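Only one chain is included here, represented as structure tokens and corresponding to the form predicted alone.
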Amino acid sequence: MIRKALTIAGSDSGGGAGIEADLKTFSAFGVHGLVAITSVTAQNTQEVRAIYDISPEVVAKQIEAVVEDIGVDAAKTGMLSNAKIIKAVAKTVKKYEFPLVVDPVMIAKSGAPLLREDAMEALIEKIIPLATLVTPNKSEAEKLSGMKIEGLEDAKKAAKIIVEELGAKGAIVKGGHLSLSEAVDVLYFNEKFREYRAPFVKGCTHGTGCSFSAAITANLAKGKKLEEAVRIAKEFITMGIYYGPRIGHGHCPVNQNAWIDIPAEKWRVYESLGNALKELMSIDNLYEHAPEVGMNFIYALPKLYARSKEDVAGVKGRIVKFGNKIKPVGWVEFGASDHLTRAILTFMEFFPEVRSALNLKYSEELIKKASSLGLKVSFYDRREEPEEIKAKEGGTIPWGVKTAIERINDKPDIIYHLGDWGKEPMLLIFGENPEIVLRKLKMLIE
């Protein structure tokens, strides 16, 4: 059964907020998105250049059209712009019985006003009493409650005012601007307070409010209870901020797709590396090239999502010599490799498309053969490593890979080093994916 969610909001031409953010969020949760556009804005990541309000009659007709034909399981409001639109929306929504999440949008991320001053009274009188949940940030909660919010206790008081005095069923005051050590959102619902905590993450914040309220709406449409819908939305928005794409020259947008992209990409990586590992084990005489410390074979998530060891799949326990063959100690897992992970994450800073690597025992013969085959080869010398890098745990490999790339000012297929005290000489093969790494490996040893 396909669930349907409706967004009654403005359009953001930059695609970061408004109905564009809402529809992407609905889609991330497998919910069919419906729209009633209230206003068309000309905006980007830096500014709002123009606003054109849709006539209240057309806004109402949009709502009626989708409800009466397709049906709505939950809805949300975003930018309502003026008092006439607010009254038309309230009158229309009142006719239907579905949960309504009200995001009281007042100011754009760039600072431009999105709700006219004379519309505040209409918002409080007409829309808030219809809300299943109101989702204000600190400044919006201050305007709705009429009180100054200095910290968590004030946020609780404001949420309670919005419910008990203004008539909403629930209110959650978002904690992004409360100057706390964590991002703490305070929900007041059914005469109880509940806190939702998450660490602050650096990333993109354009469209956070829209995406958060849309995530709640989508989960209400799917039949989740309000507290659970908020919990999921909190996790969703934290991920969206962290993995936001750095586009534009202002406030970059939240990445709603991360919610579905990361699990999908992890499966692709796992399957591809697993198949390549099976093929690797069938290569004759590969054990002759296995280093004493063992081999590993890794594949990272796409650059946008590859931030740490947990975003790179490798072979658990490495690949070791087993008689005249090689054998993986474990199977493919994310976070299984340490040394090669540092190498590939550094490599991807220069060439994001290169996501896979394999290590072999150093061989002068293999280096000569690689050059004769037209493969690009570079190296780094551990003896040249600066003392401040040596003193830093895990700093050698990133420094070495960076040095090797800069040495040829190109994309190397192979990087090697001749070792140092207690460090075995090593050769690393790089490629866009495991299949390409295997192809280069076979060129060298077959």
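One-based numbering along the sequence shown. Predicted model only: the values in this text are computed from it and were never measured.
Another form exists, predicted in complex with a small molecule; not displayed. Remarks below refer to it.
Residue contact with the small molecule in the predicted complex: E140 places a heavy atom within 4.5 Å of it. Taking the partner from elsewhere, L100 is found to have every heavy atom lying beyond 4.5 Å of the small molecule in the predicted complex.
Using a 4.5 angstroms threshold between heavy atoms, I283 stays clear of the small molecule in the predicted complex. Contact annotation: K174 falls within 4.5 Å of the small molecule in the predicted complex, judged by heavy atom distances. The listed set T77, T208, S356, Q256 contains one residue whose heavy atoms approach the small molecule in the predicted complex to within 4.5 Å, identified as T208. With the partner omitted from this view, the residue of A313, L220, L144, I241 that lies near the small molecule in the predicted complex is I241 [heavy atom within 4.5 Å]. Stretch-level contact check against the small molecule in the predicted complex with heavy atoms at 4.5 Å: of 372-380, 179-187, 256-264, 150-158, the positive one is 179-187.
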